[in-house]
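This text opens with one protein chain seen in two forms, each one given by itself as structure tokens under the names structure 1 and structure 2.
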Structure 1
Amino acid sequence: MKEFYTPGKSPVHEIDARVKLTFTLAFIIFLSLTPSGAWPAYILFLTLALSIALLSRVSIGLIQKRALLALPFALATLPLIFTGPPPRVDLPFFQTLGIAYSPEGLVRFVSITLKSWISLQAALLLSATTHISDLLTTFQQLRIPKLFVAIIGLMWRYLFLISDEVTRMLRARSSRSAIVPGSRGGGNVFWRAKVTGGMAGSIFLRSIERSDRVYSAMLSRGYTGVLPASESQPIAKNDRGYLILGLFLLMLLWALGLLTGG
């Protein structure tokens, strides 16, 4: 597992982390408040995200690929197509079965999917241009509860430990497996499910043992449950200007969505 942060010297990388975090949260909030069916506003929100990605010199293809993780969660709104408000329209291929869909429900489903996809791109841009340590420091400076900050920091670090455990287990399994050339390795679906379940349980137990050792090592090095206090520096004048300009632009896009949405 590789960290998504991409080191660079782009203008986006050099902006204060507090400004980037505030703008990202505002971006997601304004996009979420945009009415359904505001297609021009969605296009402009996406254009703004892509423009920032180009300015930060981050791989747009990688961001688009990772942003597809929002699609499985958006599928939870799929029933809106069939349970949305009337009028209902019969599907051409299922008229005999009496299956109809709601055009307004379809618009809501597509709108939620697009908003989730674009919002995740904004979050990925933040993580790609801001190191995790800077984000944790920003959380502290913004008076986020210390326990919440500690949980985020530990969760991020343990993700890499668990990834290492999974990689070692897969490597060990491959080194102990032999497949006859031309034959299909492994058993049936139930056998594979049993093996996968055993590996998942083993990973869980190994993760608990590894986390205990890591936490003991952290305590022996002076960890108290919170990050070391860092001195809060004032936000530069240019960064404040970028934030004001960005918020004003988001308000304009949101207003456009109110005018064009359903």
Structure 2
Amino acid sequence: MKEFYTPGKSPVHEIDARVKLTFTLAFIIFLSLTPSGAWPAYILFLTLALSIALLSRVSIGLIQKRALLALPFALATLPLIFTGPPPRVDLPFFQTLGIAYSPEGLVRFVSITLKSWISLQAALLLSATTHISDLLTTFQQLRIPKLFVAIIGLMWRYLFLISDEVTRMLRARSSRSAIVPGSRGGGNVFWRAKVTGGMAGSIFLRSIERSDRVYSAMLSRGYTGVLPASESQPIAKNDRGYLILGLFLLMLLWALGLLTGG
């Protein structure tokens, strides 16, 4: 398990996390509101995302590689090509097959896939340039309940520890699961599920017991059930300017999308 955060000192890394979070959310919302088939607007949205990626010095190749991960979900919209709104047209080149497709459905399918791909790049940029601790502070500053922020903070602290434990367990299992060629190894599906279930059970058990120790440690450091508040600083003037400019640009791109889209 690897987080996508790439440490750096680019201008994008230094912008206030609140500004980045708001801008990313606005980017994705405006892109979602852009109607299907608004190709010029999509190109501009993509250019904007790529420009910021360039500025942040995060490897664009890496972002593209990660952005492909959501692609399998496009399967869900694939049927739109054939079930989309009429009129239906025979497939070119395959007219003899007599398969009809809906041009509007095709436009919608391509638009959804493109939008999803561009949105994912925006989200990747946010997590590549913002450390989780800044994000947690941001949550608190945005008035997300302290209890919830504390839970996520604790979870993050123990996530890599426990996932290392899981990795070791998986390695132990595979090292005990050699299969002699020609003969079947291990038991049936139920046996395998039981082994995996036992692994899950022991992870949960260890975690519950670990949380007891965490609690004692917290108590010994003066935890009274209330968490200390983090200090809130106003957003710097420059960053506020960036945000307003960015939101204005997004609105403009969206308006262009409305005018050019179907």
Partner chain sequence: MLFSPAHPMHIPDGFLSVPVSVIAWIISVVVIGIALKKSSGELKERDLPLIGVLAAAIFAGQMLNFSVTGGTSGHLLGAAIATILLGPWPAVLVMTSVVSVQALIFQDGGVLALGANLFNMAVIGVFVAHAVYTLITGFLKKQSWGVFVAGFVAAWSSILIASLACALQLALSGTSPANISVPAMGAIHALIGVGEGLITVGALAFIFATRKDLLKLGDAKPANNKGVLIVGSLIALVLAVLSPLASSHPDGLEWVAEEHGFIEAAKDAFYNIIPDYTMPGISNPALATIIAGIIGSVIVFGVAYGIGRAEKRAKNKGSAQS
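Numbering runs along the sequence of structure 1, starting at 1. The term rigid core refers to the maximal set of C-alpha atoms that superpose within 1.5 Å between the two forms. Computed from a predicted structure; not experimentally measured.
Comparing the two isolated copies of the chain, the first one is the form predicted on its own. Residue 110 is not among the residues whose C-alpha shifts by 2 Å or more between the two structures once the rigid core is aligned; its shift stays under 2 Å.
When two forms of a protein are overlaid on their rigid core, residues whose CA moves 2 Å or more are considered shifted, and residue 145 is one of them between the two structures. Relative to the superposed rigid core, residue 170 undergoes a CA displacement of at least 2 Å between the two structures. Its Cα shifted by 7.4 Å between the two structures, residue 214 is reported here after superposition on the rigid core.
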